[in-house]
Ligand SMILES: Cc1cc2nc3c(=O)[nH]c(=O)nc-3n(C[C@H](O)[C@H](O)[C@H](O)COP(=O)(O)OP(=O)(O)OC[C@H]3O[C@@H](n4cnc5c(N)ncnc54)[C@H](O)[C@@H]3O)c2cc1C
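Take a look at this one chain, the form predicted on its own, written out in structure tokens.
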């Protein structure tokens, strides 16, 4: 079933507990901090049902249509289909939604390519995939322990409960969990939260190994939002990105939350809690989506850089052209890495194909390393222009101020209004709180940089590299003077 946008909005009015500081939010679809972003998510659902997108964003099986990202790939064509769907969704949000509905769903879809990894919970992960697919639900995840919980001895010495989410007891009909997880991006707009552990756990952390799915309105679950940027974006002209593309981030706090056994995927197994990501196609499916989403964002950034240069006539400057050429090359590099993931697909697991993991992790590392420098280039192209604009578009409410503005701010290259509109967007990318969040977010999107590099280390064919060196070493012996000395 393909959900409508209206159905998704209605599903968010489910009694979930959301806090902005000390304020309890009762309806995220109408609250000034979330309402426009909620409608952007709803628009993604409506886009899937549009006739022109139906065969791009969904597939048919047994007479029913399902979202494209629920399709496990059995061929390169299937991978290309999935990738194109990710790109369409990313284009609709200009790459600003890192955890759009196709992200965690891709993890779950990749996981069912090897349900055996889940052991006794194999049937649960398959059933959960069917549930997400058939209800067209939006799931997000919280799969990192809070920083407060990384020194358990601190809490033991003070006889305090460990803040990290863990199982506190088992019942016949499920487990009960309490504690905190981070960071549930998009959770205030989602239907369910996947709780898990992407980082390795120690053997004595079995209680924390719980991996499960919890509805966002589960009794005892609350979402503690960071500062919403939409709250201060009263006019779209002045904050064109924060106004409708602030996907939000929340800490997840559980207080005696009941999880039925059918929604449990890992329990009392510290090693398995991480294996389910890397020994299935889940991590690769999900992070291919990340690469594609970044690529859409990259095209916005490159186009913005060029428009900024044109607005001042600087685009004819050889140095500026060189800078723009560098950005264009960077965008093409990422595009090539993404295409390579399809062309170099792996026949793995048995019966399925997966995006090339080496190329995917290389692209993930590239994205992590380069976002800051890309933004810095755009910042330099902006110069002081972002500070020369009026505070906000309220000047257009006064005809006299409008005439003055249009007289003195117009340039040979652009009208005053177009310049202001452009540089308001530029500030949203390089200097606003929204921009700062994205700068931090992209740097740690897939974990700390050392984590991303470790993925590349894990998947590198070291034996092949060593064979190349050994082949060269074996191709010659001790000769010349050294041989005579010997």
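As the structure is a prediction and not an experimental result, all values here were calculated from the model. Numbering follows the first chain given and starts at 1.
This protein has a second form, the form predicted in complex with the named molecule, left out of what is shown; the following refers to that one.
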| request: Consider the chain as shown here, without its partner, and state which of 364, 112, 184, 338 has a heavy atom within 4.5 Å of the named molecule in the predicted bound form. | output: 184
| remark: The listed residue (395, 71, 144, 206) that reaches within 4.5 Å of the named molecule in the predicted bound form by any heavy atom is 144
| request: Find out whether any non-hydrogen atom of residue 444 is located within 4.5 angstroms of the named molecule in the predicted bound form, and reply yes or no. | output: yes
| request: Verify the contact flag for residue 99: yes if a non-hydrogen atom of it lies within 4.5 Å of a non-hydrogen atom of the named molecule in the predicted bound form, no if not. | output: yes
| task | Flag residue 454 as yes or no: does it have a non-hydrogen atom within 4.5 angstroms of any non-hydrogen atom of the named molecule in the predicted bound form? | result | no
| task | Check whether residue 30 has any heavy atom within 4.5 Å of a heavy atom of the named molecule in the predicted bound form, and answer yes or no. | result | no
| request: Have a look at 253-261, 123-131, 320-328, 175-183 and name the one stretch with heavy atoms inside 4.5 Å of the named molecule in the predicted bound form. | output: 175-183
| task | Determine the residues of 420-457 with a heavy atom within 4.5 Å of the named molecule in the predicted bound form and present them in sequence order; the list may be empty. | result | 437, 440, 441, 444, 445, 447, 448, 449, 450
